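Before any questions on binding or motion, here is one chain by itself as structure tokens, the form predicted on its own.
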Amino acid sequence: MSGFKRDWNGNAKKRDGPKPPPKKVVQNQYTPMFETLRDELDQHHDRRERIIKASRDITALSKKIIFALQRVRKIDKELPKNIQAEVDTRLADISKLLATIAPEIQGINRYRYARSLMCLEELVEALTFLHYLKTQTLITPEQLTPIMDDLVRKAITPPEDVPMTDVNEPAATSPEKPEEKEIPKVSLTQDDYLYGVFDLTGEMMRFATTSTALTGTMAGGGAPGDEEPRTIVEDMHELGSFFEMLPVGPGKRFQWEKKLEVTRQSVQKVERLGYDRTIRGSERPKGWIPDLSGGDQPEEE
């Protein structure tokens, strides 16, 4: 029985003499096909890992945008400067991440890696919440498309440096610009938009609870001179009715019904908040936060 020679420490000694010739790899007519499949699978797994890493970072940045927006106390066209600056910084970071994965999710790859792009739902939630706090309206998919394109374009297209010219010098003719390459786009699917708006209702409920407790009034807006401006309660009613009327797509019933149930709970919490403020608001001290965790509890006598 053959074995390795070892020294006093138990380490295998190097074999004396010439090394055995390497084994020949069996080659046949099918080898190139399997090598091509191997390379495609390696590219697929590497691409998927890059998308997952970027998606995780985009999700975290989108949540930070939402956390910053929750510090707003009223619906207005202009956000506080410190919050607006923080939102712009987060969006710039998201823009760089989207630009890195945009070339890899074109065509059929957009749907091939749909499960790895769950970050887009969180980004839609952040953008719709930002739009709502500024305009008290729901952003449409048509309005979101140019925003997404602009985010990718800002990171891919470098700023043009304009050379300074002397006033006395004649204006030089600008050289012909090379043909611009088509900038890849990150498209949003119907599910990305709808599920992002589903999650928006939860942020609206938290915003209504906090702003009402700290300001003593229900958040809302309207045209100047309106006696009864539209409040966030009415907006939640409209969103809830909108989702109740939508048909459920095939193969999406479980996730759809789960998010719809959470939306119903958010609408009911805001309703109870409005009812309590209207009926018993004068009895509550400023800063009081209602208990919206469960159903109606009987009062102790």
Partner chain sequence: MPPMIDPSLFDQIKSKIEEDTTVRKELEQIVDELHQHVSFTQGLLSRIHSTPRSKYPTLLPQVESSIKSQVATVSKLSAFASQYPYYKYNQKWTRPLQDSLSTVLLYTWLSSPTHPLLTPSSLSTFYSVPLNLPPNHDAFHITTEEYLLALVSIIDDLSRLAMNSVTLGDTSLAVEISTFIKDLHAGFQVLNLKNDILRKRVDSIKYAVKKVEDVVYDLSLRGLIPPAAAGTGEAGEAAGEKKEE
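Values in this document were obtained by computation on a predicted structure and should not be read as measured data. Numbering follows the first chain given and starts at 1. Only the largest set of C-alpha atoms that superpose within 1.5 Å between the two forms is called the rigid core.
This protein has a second form, the form predicted together with the partner chain, left out of what is shown; the following refers to that one.
Asker: Pick the stretch from 207-215, 93-101, 108-116, 79-87 whose residues have a heavy atom within 4.5 Å of the partner chain in the model of the complex.
Answerer: Result of the contact check: 108-116.
Asker: Verify the contact flag for E142: yes if a non-hydrogen atom of it lies within 4.5 Å of a non-hydrogen atom of the partner chain in the model of the complex, no if not.
Answerer: Within the cut-off, so yes.
Asker: Can any non-hydrogen atom of E261 be found within 4.5 angstroms of the partner chain in the model of the complex?
Answerer: Answer no; every heavy atom of E261 is more than 4.5 Å from the partner chain in the model of the complex.
Asker: Find out whether any non-hydrogen atom of L138 is located within 4.5 angstroms of the partner chain in the model of the complex, and reply yes or no.
Answerer: L138: contacts the partner chain in the model of the complex.
Asker: Does at least one non-hydrogen atom of H44 fall within 4.5 angstroms of the partner chain in the model of the complex?
Answerer: Flag for H44 set to yes.
Asker: Quick one: name the residues from 239-274 with any non-hydrogen atom within 4.5 angstroms of the partner chain in the model of the complex.
Answerer: If the 4.5 Å heavy-atom criterion is applied to the partner chain in the model of the complex, 239-274 yields L239, F242, M245, L246, P247, V248, G249, P250, G251, W256.
Asker: Given a superposition on the rigid core, I'd like a yes or no on whether L246 shifts its C-alpha by 2 Å or more between this form and the one not shown.
Answerer: After core superposition, the displacement of the L246 C-alpha between this form and the one not shown stays below 2 Å, so no.
Asker: M33: with the rigid core matched between this form and the one not shown, does its Cα shift 2 Å or more?
Answerer: For M33, whose C-alpha is compared between this form and the one not shown after core superposition, the shift is 2 Å or more.
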